[in-house]
Ligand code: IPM
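Single chain ahead, by itself, as structure tokens, in the form predicted on its own.
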């Protein structure tokens, strides 16, 4: 028997979602200028430690930023502000993905370096509150998740552009249990949202002399939303005649990334939210694990940089948090520096991180007491940054590959 009341309630819920999403479309149509960091009197960097191992690896990355930006901080050009309160305990207390006072502090900053945050799942002791990452991306309109993965000895040099504010995640907590037997979730794709992430990927390729962009969907099955994404890519590509493009389905793409004969062909990869989350974790594992990968979340007004891994509460429970690998947060700090205009400092930090993690390995992170602590590793990276022979050493290592 059809439950008419349940259907009507679900339709009312869906109607509200449609109204919200159409308002979002109108906001995107109105447009917004990109922040010009070169014109700011002071660039304000927020540091959100998060929870679990987040505060530990954030502390290490903060130390790196403070050393590299010592002159700019001293002159008042840059301010670093620690933002407390993005812990699972505080978020549960307020029953919000991001407490209002924390969000207000974040919005006072131009860019944020953020540690991992816990997203409760079934079986956890926490209520089912929304992901802080998803909420932050939505609140700050951080539509582009940019993740580099590089393994020179394998010929891997990938740049992923994952759409951040649509797809299957943006309404992940807004699904509806129509009846005890039927649950429905929602996936969102807009012309404007698809266009801006795809255009950013093609623009990056064109500006960096890269001749190919790969678009990943499941448009053969998910014909409406993924179909819109793929059709938009075909239109955007017309504006970049110097950049070739191809399209792949997410299932075969996961296989091709580990195919030694094909993975060298991929360069810039753009894809919807869910597929981007899956594929970039796989790519990070090829690089050495999710602990080695940083991530940029870019919007026109704000930007947030983070590790791509979780908060690892087990390491805290076992008393091992000080041994958590800060490489991902230091990589995110390098991406932050590049984004706000300190390109040379960012490049030098990235070279040092690559030398430390892939070549010299004088300090090895094991996650346990038989390896370095996060702070010791951060100091190793800083010592390498200050090595006058760093650039020639890095070039020598590259050639040896």
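Residue numbers count along the first chain shown, from 1. Here the structure is a predicted model, which means the values were calculated and not measured.
Below: the form predicted together with this ligand, not depicted.
Just one listed stretch, out of 200-208, 132-140, 228-236, 320-328, contacts this ligand in the predicted complex at the 4.5 Å heavy atom level, and that stretch is 132-140. Contact check for residue 287: every heavy atom lies farther than 4.5 Å from this ligand in the predicted complex. At a distance threshold of 4.5 angstroms between non-hydrogen atoms, residue 119 is in contact with this ligand in the predicted complex. When this ligand is considered in the predicted complex, residue 277 lines it closely, a heavy atom lying within 4.5 Å. Using a 4.5 Å cutoff between non-hydrogen atoms, residue 166 does not count as a contact of this ligand in the predicted complex. Contact with this ligand in the predicted complex, judged by any heavy atom within 4.5 Å, is made by just one of 178, 296, 243, 308: 308. Although this ligand is not shown here, in the predicted complex the stretch 151-166 places heavy atoms of just one residue, 162, within 4.5 Å of it.
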